[in-house]
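The chain below stands alone and is given as structure tokens, in the form predicted on its own.
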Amino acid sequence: MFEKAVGDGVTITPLEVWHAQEFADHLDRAREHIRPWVGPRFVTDTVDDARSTLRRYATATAEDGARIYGLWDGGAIVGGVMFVAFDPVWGICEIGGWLEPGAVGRGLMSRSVDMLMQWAFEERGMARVEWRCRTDNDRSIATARRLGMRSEGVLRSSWVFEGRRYDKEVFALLRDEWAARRTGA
């Protein structure tokens, strides 16, 4: 297993099925904070459901697809980042993330997503990284902009939460744009 420092005493490591209890405990703390912004299958209510979510990602990872990582602070998960979609054939992936309320405002999301982008671009040769979020998710939009992503448009009425439809915005960063940001060009 790998573990990398994100900063502020927080580390990132892959979430695996055996982390189900810690993941369920984290979701108990984060559930209401993240529920409007993430898919309903992700926000689980039991350890068995958490295990099922982690099993889905483990299967996808084994097939070189989606991946999920936890942000750990003092032995507890405080958030995470993921490759929502990962297509090495097309060279396109989508990154997403979430934090529980106590972890917000520490720069963890931007630093963690940057780590995933670096791996995607440098190690896996991705051509494009996407970030998608509801158009009223100000924190998520700010993260995309901080990372140099450009808005490419709005997917109208593409997100449903509590019976209401919302628009989603698509942001993206291309490998050459990312490289230019890294070198300061």
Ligand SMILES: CC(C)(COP(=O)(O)OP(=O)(O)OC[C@H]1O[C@@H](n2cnc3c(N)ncnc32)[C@H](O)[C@@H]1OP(=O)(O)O)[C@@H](O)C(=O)NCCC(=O)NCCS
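Numbers follow the displayed sequence, beginning with 1. Keep in mind the model is a prediction, meaning the values are calculated, not measured.
Although not depicted, the form predicted together with the ligand is the subject of the following passage.
Q: Looking at 121-129, 30-38, 148-156, 47-55, which stretch has residues with any non-hydrogen atom within 4.5 Å of the ligand in the predicted complex?
A: Every other range fails; the passing one is 30-38.
Q: In the predicted complex, does residue 109 come within 4.5 Å of the ligand, counting heavy atoms only?
A: It does: once the ligand is placed as it appears in the predicted complex, residue 109 has a heavy atom within 4.5 Å of it.
Q: Residue 104: heavy atom within 4.5 Å of the ligand in the predicted complex?
A: Residue-level check for residue 104: yes, a contact with the ligand.
Q: Would you please decide whether residue 66 lies within 4.5 angstroms of the ligand in the predicted complex, comparing each non-hydrogen atom pair?
A: The answer is no: residue 66 has no heavy atom within 4.5 Å of the ligand.
Q: Indicate whether the ligand has at least one heavy atom within 4.5 Å of a heavy atom of residue 133 in the predicted complex.
A: Heavy-atom contact with the ligand at 4.5 Å: present for residue 133.
Q: Is it the case in the predicted complex that 99, 140 and 143 each bring at least one heavy atom within 4.5 Å of the ligand?
A: Checked in the predicted complex: all three residues contact the ligand.
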